[in-house]
Ligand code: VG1
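Just the one chain here, laid out as structure tokens, in the form predicted alone.
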Amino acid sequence: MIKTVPTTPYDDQKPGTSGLRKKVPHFQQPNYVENFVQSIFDSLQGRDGQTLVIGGDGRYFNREVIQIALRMAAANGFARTIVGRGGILSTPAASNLIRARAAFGGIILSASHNPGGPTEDFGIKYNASNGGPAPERITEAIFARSREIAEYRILAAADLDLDALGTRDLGGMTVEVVDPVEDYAALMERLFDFDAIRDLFRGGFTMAFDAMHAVTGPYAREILENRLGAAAGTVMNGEPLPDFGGHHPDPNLVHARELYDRMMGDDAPDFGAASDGDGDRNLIIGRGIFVTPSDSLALLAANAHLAPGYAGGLKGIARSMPTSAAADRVAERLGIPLYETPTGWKFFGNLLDAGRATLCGEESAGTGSDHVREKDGLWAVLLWLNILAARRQSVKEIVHEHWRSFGRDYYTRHDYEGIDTAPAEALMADLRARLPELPGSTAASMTVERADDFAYHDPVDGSEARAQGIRIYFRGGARAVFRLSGTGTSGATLRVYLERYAPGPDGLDRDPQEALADVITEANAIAGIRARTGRTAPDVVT
């Protein structure tokens, strides 16, 4: 029986670029989930008789919301839903399923790299039929509907068994529970030379992969250990847990410190990697060397032709504006376009769908290609393995050779987390107000050459995105970028991105913090970070 339940709007259900994210108790308010899911369905024209993919990263409250979404999908005219066993689907695997099964779209339950648990973070987002995050016209329609919703539709039915593969009926809608790994693993086998990677492992190559008790554990075990022959135990923290084992599932040098310390030790494996809560981010570390996400994008682009799926070359490279210019130099040498976009994977979607770009990357550890419409952590790890198998060099040797050939972009990101929103927004507003007067000024020791607030004109659909981050360029080629992040659920995170290009083999082992010391000092002085936030140092340095 379908029930129509009266409800009242919540005024905070505005999805950002990564969907709606709040603390779990917020989602547990009466009708909160139901209101948002109904708002999604009400904003989708032509959904009757269609197929919907549903899954999440396994964090706390994942199973309960999937059951609600299933009953509501049945009440709102969907003919079929595809669900990952146990409610599990990594974000890139969900994108692949939407595309492979020609689904109408998908509901993905995740707060990405944010912590999980009864009082931690949860999220819901809608992905469109191309497998990518919903475009702004849909997210704005969802928000508008959430402000006026008066009722939602739901099937009165018991919970389904999500742990058994197969199909079952739910109020006339077919629910298919699938192996969450199978379709994704098959796609990876088509893209990469699994035989060459198997030979690499057979030859004694060693690896450590930290799944951070998040969604990629089952994917990494099946692909790395079962199909590629990596030693048992290669995958660390491989069991997805609702609270990620009490850890923060963000693959950076703070939250993946155990892996980093291991890779810097005397008995380090040849290769180290990690992925985040929902499987779309990656961390790459070689024995004795951390590879920044910006450098990783450039290196993958320069070597992608070594993998079967990219042997024909790249159509173009796209990077987010805060990402370093390392990939720009690769694109120039390859003679292909380089697109600089705002932060947010949806901006890459148009370029990928139009066939203008093949590889995309963000400095926040997200890298991907046109195989899906999301960033893909394990894909990046497998492309690195394919390159290592083909070149038979260490990570450090490959990175140093790249720097000798292209020059080095010293790069770092400083995150100031959990700042009170008001002073954080005031800092950005003050910077924007002072943009005209910054060129020619010197706050500490460096002279500003130019400054702007990044705006993007989409070359595919002509849309514009303004106020995407403040850029300050210094004489001599250094740059600082300031942004407020929209991926948290409490307070604000101020991100400061700093870079300087050095041509030739300058300082192959030089610490970026040392190389960028004057840029860091100048950026902090210009923005007045200490005076405005009270912070004397960043919480996370990557």
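When you see a residue number, it is the position in the sequence shown, counting from 1. The structure presented is a predicted model; accordingly, all values stated were derived computationally and were not measured.
Not on display, but discussed next: the form predicted in complex with this ligand.
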In this chain shown alone, the residue from 316, 87, 269, 344 with a heavy atom within 4.5 Å of this ligand in the predicted complex is 344
Can you pick the one in 362, 210, 121, 409 that has a heavy atom within 4.5 Å of this ligand in the predicted complex? 362
Contact test in the predicted complex: residue 18 vs this ligand, heavy atoms, 4.5 Å: yes
If we define contact as a non-hydrogen atom of the residue within 4.5 angstroms of the partner, is residue 495 a contact of this ligand in the predicted complex? yes
Although the partner isn't part of this model, could you tell me whether residue 112 comes within 4.5 Å of this ligand in the predicted complex, counting any heavy atom of the residue? yes
Is the gap between residue 31 and this ligand in the predicted complex 4.5 Å or less for some heavy atom pair? no
Note: this ligand not shown here; in the predicted complex, the stretch from 156-164, 397-405, 305-313, 277-285 having heavy atoms within 4.5 Å of it is 277-285
If we check this ligand in the predicted complex, which of the residues in 401-423 reach within 4.5 angstroms of it by a non-hydrogen atom? 413
